[in-house]
Each structure stands twice: as structure tokens, then as C-alpha cells.
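Here's a solo chain for you in C-alpha cells, the form predicted alone.
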Amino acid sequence: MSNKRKRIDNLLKGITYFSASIAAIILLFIIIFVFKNGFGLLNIDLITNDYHAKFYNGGIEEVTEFSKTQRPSHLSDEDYYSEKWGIALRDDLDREGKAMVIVSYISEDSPLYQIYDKNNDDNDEFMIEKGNLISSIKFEDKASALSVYGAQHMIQILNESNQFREIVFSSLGGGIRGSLITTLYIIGITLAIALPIGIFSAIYLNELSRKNKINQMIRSMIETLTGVPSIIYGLMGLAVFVPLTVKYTPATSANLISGSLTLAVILLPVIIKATEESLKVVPDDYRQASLALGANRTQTTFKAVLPSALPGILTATILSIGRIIGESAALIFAIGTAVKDNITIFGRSTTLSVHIWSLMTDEPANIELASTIALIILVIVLLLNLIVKLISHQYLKKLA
């Protein structure tokens, strides 16, 4: 081999290594950025809590006996405790970075268990719990103790008082339970619509169709659809699927069904192309052997070819799930941007990716919570990948 040829080969090899390294560094940087900014907020409460806090107004009759419970040893210096009322408060920041006063402890004999719901007289289970946020405590004869002045001030005012007119508290809120459920709904409904249509279309194009101009045109249209920006699909969803679902379902506006139909259209080219490629790699010997044994074309396709292409179809499914979770532009039009806690398939809602979009459009943008949701999305996609690879491995093992 000449020296010139060696130099060219080394140059090409160097460009290959350099490009692969750049791609790996970029991916690693994204993961580090998301992990660094989002890991601090990651906890089970974020996943299980509602996004919107529920507010309560508690009243109390005249208190004649106070708890006088000594400060528990497990409380830290950040907890301000009232022996009189048996409650500890702490200053903290909510998931949007705003100051709040949170109940860090409440003793079993606290007089605050005697409060009643001023908005609902029959609510017997009404009480303040650990983790609730105290917004204000209003008195008859003095100024209200507000959370903006901090937990220490609120405890000090409480210790000076034997009675209050009203205590306003709320649940923590800021959770992503609704967005997570919406994402799972969207994944299930979209796959139920897109997978059968996409897989059978690919079978038709690769196994049953003839090579003519019509089928070539269909393939060209599928390839063209792959490159269409998703925002255009969103406009189609708004113009076609939203009115359609409003007319034939209980929906009154953009909804999960219209969002799933829009995503199904987006996914069809991906599923068809990936399934067709997996069918192409099945050796023709399989088909010839099946036909030689007396099977017809349909039996050969569904009993000999399709099972061998299953790993490729599972890969297409994974690609589809990743696209569903990551899609936001189309869904902004098709299901709306309202973050909801009560999810119905005929109502507006947000997926995790749209929730990120919503957080990043706020002023200021909540990068920490957006990164946490992105981290959850990465974990979901990783788990789904592992599950599908495990299923594929077990299936190939059984097939062998």
C-alpha cells in the first residue's frame, strides 16, 4: 500500500473517530446537564402529587387547653417549633423557586387537630398534615401572620395567641402526576391506532404489492411525510381531528383522542419504514421454503416471514414510543397546554414534554423542574428499551 493511500486511510479514520467523539460528548453533555439541574427535585412526591395545590380555610373554637408538647429531638435547627400549639414550621422553596412555609411536624395532641373546614361543615376528616403549606393565620385582634414573613415570625405570633380566626393552608402541589398519566394514555391510544395500520401497510408494500408506479408513489409519499415538521401535523390535528372528536365524542375542545390521532399520523411513516426494513432482511429462503411446502402467500407472510421480523418491529415500537414521549409541537394544538390533575380522554391535558414546554415559557423559566421531567422521560425511555430488548432476546432464544 502506498504512503499516499495510507495517509488518506488514516485521515478518513481520524475523521470517523473525531465525529463519533463529538457525538458522544454532546450526548454526554446533555445527560450531565439534565442530571445536574434536575436530580435535586427528583422524589416520589413530585411523581405522585397534583400540580395544582388545594386550598383550605380552617376555623377553630376557643381553645382552653394547649398541648405544651416538648420539642421533638428529631427536629433540626431549621424547624421553628411551638410547644403551645404542637406544630413545627420550616421555611422552604417550592418547585418553582418561590418561598413557602411548610409544616414539618405536628404532634398528636396539637390543638390544631380541632380545626374545622369553614367551607364544608360536614368534612369530618379535615385537618392540617405534615407537608401542608401555611399561607396565613388570621386573628381577630392583631395583624395576620403571613408566610412571606417566614416560619419564625409565624410561630412567634402563634405563641403569643390563644385563639385565631382562620388558618389558610394548602397541599404542596407542583407534582407531575397528571402529565405522567396523560403521557401513558397518549402512548397506549396512539400505539393502538398506529401499530396495526403501520405494520399491515408495511406487509402490503413489502410482501404483497406489485412493483408499479402506484406503489412507488406510495413509498415516495411515505418518505416525504417523514420529513414534514410536526407543527404542520399539529395544525392538521386542530383542523381535522379536534372537530371530528368534538362531533362524535363527549369532547368539547382539543382532547387526548385528537392528540393520539395526530400522533398516529406522525408515527405511521416511521412504523412503516422500520417494519418494511425488518421484513427486507428476512432471507428469501424462508419464503421459498414455505411456498415449497405448500403454504400460500398469505400463510408464508404471516407464519414464516412476520415472526422472523418481530425484533425489527419491536424496534419500530420503541422508536414510536420515544417519538410520542418527546413530541410537543403537534400536541400544543391537538390537546392543548393546560396542566390538569383530573385526566379524561375527552378533555385537555399535557404530556410530560408539553409540561416542559409550559415551564420553559414561564418568566422566569423553571429550568430545574423542566430538567427533572426530562430526567424522568429519559428513565422511562431507557426502561422501555430494556423491556423490549429483553422481550426480543427471549423471543429470538425461543425461535432458535
Partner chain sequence: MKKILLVFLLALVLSVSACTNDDAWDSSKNITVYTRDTSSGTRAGFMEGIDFSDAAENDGLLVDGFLIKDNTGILSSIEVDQYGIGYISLASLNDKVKGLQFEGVDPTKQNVVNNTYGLKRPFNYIIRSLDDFANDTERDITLAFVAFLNTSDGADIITNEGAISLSSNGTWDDIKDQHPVCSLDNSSITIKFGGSDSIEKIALALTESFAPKCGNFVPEHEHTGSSDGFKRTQGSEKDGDNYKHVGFASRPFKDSEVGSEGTQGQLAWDAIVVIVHKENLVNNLTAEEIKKIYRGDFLTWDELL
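Bear in mind the structure is a predicted one, so any value in this text is a computation, not a measurement. Residue numbers count along the first chain shown, from 1. What we label the rigid core is the largest C-alpha set whose atoms superpose within 1.5 Å from one form to the other.
Here the subject shifts to the form predicted together with its partner chain, a form of this protein not shown in this document.
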- line: Answer key, its partner chain contact in the predicted bound form at 4.5 Å (heavy atoms) among Ile387, Leu12, Ile25, Val379: the residue is Ile25
In the predicted bound form, the one of Thr300, Asn159, Ser253, Asn206 near its partner chain [non-hydrogen atom within 4.5 angstroms]: Ser253
- prompt: Though only this chain appears here, would His355 touch its partner chain in the predicted bound form if you measure heavy atom gaps against 4.5 Å?
  reply: no
query: Hey, in the predicted bound form, does Thr337 get a heavy atom within 4.5 angstroms of its partner chain?
result: yes
message: Even though the partner isn't displayed, in the predicted bound form is Ser147 close enough to its partner chain, meaning a heavy atom within 4.5 Å?
response: yes
- prompt: Looking in the predicted bound form, any heavy atom of Lys54 within 4.5 Å of its partner chain?
  reply: yes
- prompt: Residues in which of 301-309, 70-78, 147-155, 106-114 have heavy atoms within 4.5 Å of its partner chain in the predicted bound form?
  reply: 147-155
query: Honestly, after the rigid core fit, is Tyr116 moving at least 2 Å at Cα between this form and the one not shown?
result: yes
task: Superpose the two forms on their rigid core, then report whether the C-alpha of Leu46 is displaced by 2 angstroms or more between this form and the one not shown.
output: no
- request: Align both forms on the core first, then report whether Ile187 has a C-alpha shift of 2 Å or more between this form and the one not shown.
  value: no
